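Next up: just one chain, as structure tokens, the form predicted on its own.
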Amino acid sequence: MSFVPGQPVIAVVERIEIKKLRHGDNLILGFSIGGGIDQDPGQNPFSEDKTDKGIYVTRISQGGPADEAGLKMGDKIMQVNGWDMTVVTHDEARKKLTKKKEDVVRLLVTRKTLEEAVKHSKGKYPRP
């Protein structure tokens, strides 16, 4: 998916709700992120467009909250609890995800398989 700053983004998204796991004073999501407008997009192994500075899921803890919720490695995070994540720094993204007072994180993510499914289904169903 290509992205031009300041232009509308059209993406096929999935809603994912992750209930944080409480471990003492820590709340655990069970995944790691990479990317951000302050990072080198050429280092992103999940983006075909090497100018894409989005936030991507780089690791999933097996059996953790994110895994249980259906988050996948390589998912691009578009929103966190209603906040736009398409033009944020890596640190801003991390802070939005790890707010202590939020026990649930609601994500909008896009992934290559979602986009491919829509492309393959276009024209296969008659319009009413």
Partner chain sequence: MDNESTYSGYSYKSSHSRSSRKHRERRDRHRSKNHDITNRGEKSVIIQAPGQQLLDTESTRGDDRDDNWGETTTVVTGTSVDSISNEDLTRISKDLEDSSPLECRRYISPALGAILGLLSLLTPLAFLALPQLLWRDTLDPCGTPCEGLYISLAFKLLILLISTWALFLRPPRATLPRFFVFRCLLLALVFLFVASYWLFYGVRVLEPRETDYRGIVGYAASLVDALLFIQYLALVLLEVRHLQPAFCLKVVRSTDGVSRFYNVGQLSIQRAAVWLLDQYYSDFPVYNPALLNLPKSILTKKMSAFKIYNLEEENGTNNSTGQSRAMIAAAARRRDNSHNEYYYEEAEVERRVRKRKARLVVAVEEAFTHIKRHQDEEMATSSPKHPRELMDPREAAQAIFAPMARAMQKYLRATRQQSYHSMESIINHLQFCITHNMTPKAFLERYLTAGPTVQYLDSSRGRQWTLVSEEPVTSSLRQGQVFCLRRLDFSLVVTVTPLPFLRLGEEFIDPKSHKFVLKLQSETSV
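Fair warning: this is a prediction, and the values are worked out from it, not measured in the lab. Positions refer to the first chain, counted from 1.
Keep in mind that the form predicted together with the partner chain is missing from the display, and what follows is about it.
- When you look in the predicted bound form, the only residue of D103, D40, D49, D84 with a non-hydrogen atom within 4.5 Å of the partner chain is D40.
- The partner chain is not shown here, and in the predicted bound form it never comes within 4.5 Å of any heavy atom of A69.
- Not displayed here, the partner chain is kept clear of V80 by more than 4.5 Å at the level of heavy atoms in the predicted bound form.
- Interface membership of L97, defined by any non-hydrogen atom within 4.5 Å of the partner chain in the predicted bound form, is confirmed.
- With a 4.5 Å cutoff on heavy atoms, G30 counts as touching the partner chain in the predicted bound form.
- For the partner-free chain shown, just H90 of 61 to 92 comes within 4.5 angstroms of the partner chain in the predicted bound form, judged by any non-hydrogen atom.
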